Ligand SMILES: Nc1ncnc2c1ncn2[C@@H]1O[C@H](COP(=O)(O)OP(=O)(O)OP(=O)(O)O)[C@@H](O)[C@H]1O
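Next up is one chain by itself, shown in structure tokens, the form predicted on its own.
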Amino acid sequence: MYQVLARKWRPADFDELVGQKHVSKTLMNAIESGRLAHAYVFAGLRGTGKTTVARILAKCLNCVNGPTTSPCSECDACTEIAASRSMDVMEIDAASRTKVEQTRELLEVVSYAPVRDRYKILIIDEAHMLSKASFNALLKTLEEPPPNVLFILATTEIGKLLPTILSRCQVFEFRRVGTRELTEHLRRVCTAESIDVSDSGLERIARAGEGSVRDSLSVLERVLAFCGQNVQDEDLLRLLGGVRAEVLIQWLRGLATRDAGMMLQVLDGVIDEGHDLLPFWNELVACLRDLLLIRAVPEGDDLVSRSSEEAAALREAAEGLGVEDLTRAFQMLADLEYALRSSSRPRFVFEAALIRLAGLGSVKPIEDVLQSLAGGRAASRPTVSAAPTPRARRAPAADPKPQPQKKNPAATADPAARLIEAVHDKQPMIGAILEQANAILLDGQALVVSFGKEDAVVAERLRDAETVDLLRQAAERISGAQVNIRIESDGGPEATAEQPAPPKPAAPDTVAPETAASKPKTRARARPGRDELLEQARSEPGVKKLLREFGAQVVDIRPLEVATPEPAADVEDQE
């Protein structure tokens, strides 16, 4: 009598188990060391080997050569367990025995010693189907079972088991089997069964199995019923309802070029071939997912559920798409699932989504845009002119002997670079503005920062009272003397941003600095009007590039508050 592949290729021992090495190794070590628990919970996806492992464990414990990690599969105990007719190994379907009375009957049977084998083993499949009363009836027996009794609860929904049940059992999580591991297992089966199928076809069958070994073998069984021993890729696609790689490549090219017509033609062709929209949507989402993984982890081939040739073709088709573009497309398609399932016109919904995808512009990281804006001036340091360091003033002291002169730190290091670094630590934005200056002059008593005509608006930012105070403090720490500050911009009247610090009391032997009263006075520069400020902003190269990159426009501009003296007073020009 013919036996289906899922039953014929069921593992007979732990070495044949597919994709659950953590379970097999733990149980084998427990058998060898004699550390067997009295109750286990096997939880995981359907078809990953929960009931199979329960039978293998039963054979290991009751084999004539046992307890052993390699049962003979030939003795009476092994053959009866494999055929589900052993008197000491009972398999119960919890879905058909949910009542508490039936559970009590089982517990009464379990209380008797094994008929022939070493252990009496109770395997409860789909244990989550038991009623709450049945679980409560199991509690005491699970905690203190009779000698030589072992409980194994298999379930696909561990969340439905009571915490009191789980606390009395050792829990094993059966993992979803990877596509590559499933493909290798299917290749071994096809080789043994003399089935001719391509590697790409086996990968498609493994993906259709969705991590389940039994489901993958069932899909292979259906393919063999349709194609026979010689499986062609075209027949496989026709049977499984999949989409050819060429279709996905054409769709990606339409997405990369923002060609709505090409993407709609691909959709129309898929519908004409008789494919359902939901499987096609699933293929597109999986395709974008693989591309995102390829971009994020170029060396992570194991993460991608495709052959290397197909992945390379998809990568080439999506060459013009960045990670941000792929992320947006993936998110839009992922949000489409509910509409496709619930809409009476899923094609219309799909077409509208593709048109929206085509209408989205390409995305650039803001860091790249800012870096390109800083391209010229921010990358290069401003030119520095260092004046000779004047003789330091002597500090007042009680000792009549002359004090030694202090060395100016600016004489042994780049004063402008030190100034920019000091300001950048306090105010990164002000430090970035200083980096755009054409020249910075710092001698013992003066700091002059010069900007070009196109940077007049930027220079205005440094004339703020708090900014001037920050510059003065940093400059005086570097030069070791009182510093006057001047901000210059070409193409306009020179403006002094300095607000002199309160005069320090001079000692008898201290040379007093030249007072500002001896200098000629200049009137405060008139504040530019709104139209003039708008024109200056629009002509600034960085703003122009931002407007061009983002399609924006300047709608309003507010002048920075420049610190000035009283309205009727004159601003003293200090140099």
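The shown structure was predicted, so the numbers you read here are calculated from the model rather than taken from an experiment. The numbering used is simple: start at 1 and walk along the sequence shown.
From this point on, the text means the form predicted together with this ligand, which you will not see here.
Here is the short version: of Leu45, Ala537, Ile31, Ala39, the single residue with a heavy atom within 4.5 Å of this ligand in the predicted bound form is Leu45. Among the residues Leu291, Val89, Leu217, Val223, the one placing a heavy atom within 4.5 Å of this ligand in the predicted bound form is Leu217.
The candidate spot formed by Pro415, Arg418 and Gln482 is out of contact with this ligand in the predicted bound form: none of the three has a heavy atom within 4.5 Å. Remark: Glu488 does not count among the residues lining this ligand in the predicted bound form, judged by a heavy atom distance of 4.5 Å or less.
Put simply, Gln102 is far from this ligand in the predicted bound form: not one heavy atom of it is within 4.5 Å. At a distance threshold of 4.5 angstroms between non-hydrogen atoms, Leu17 is in contact with this ligand in the predicted bound form. With a 4.5 Å cutoff on heavy atoms, His185 counts as touching this ligand in the predicted bound form.
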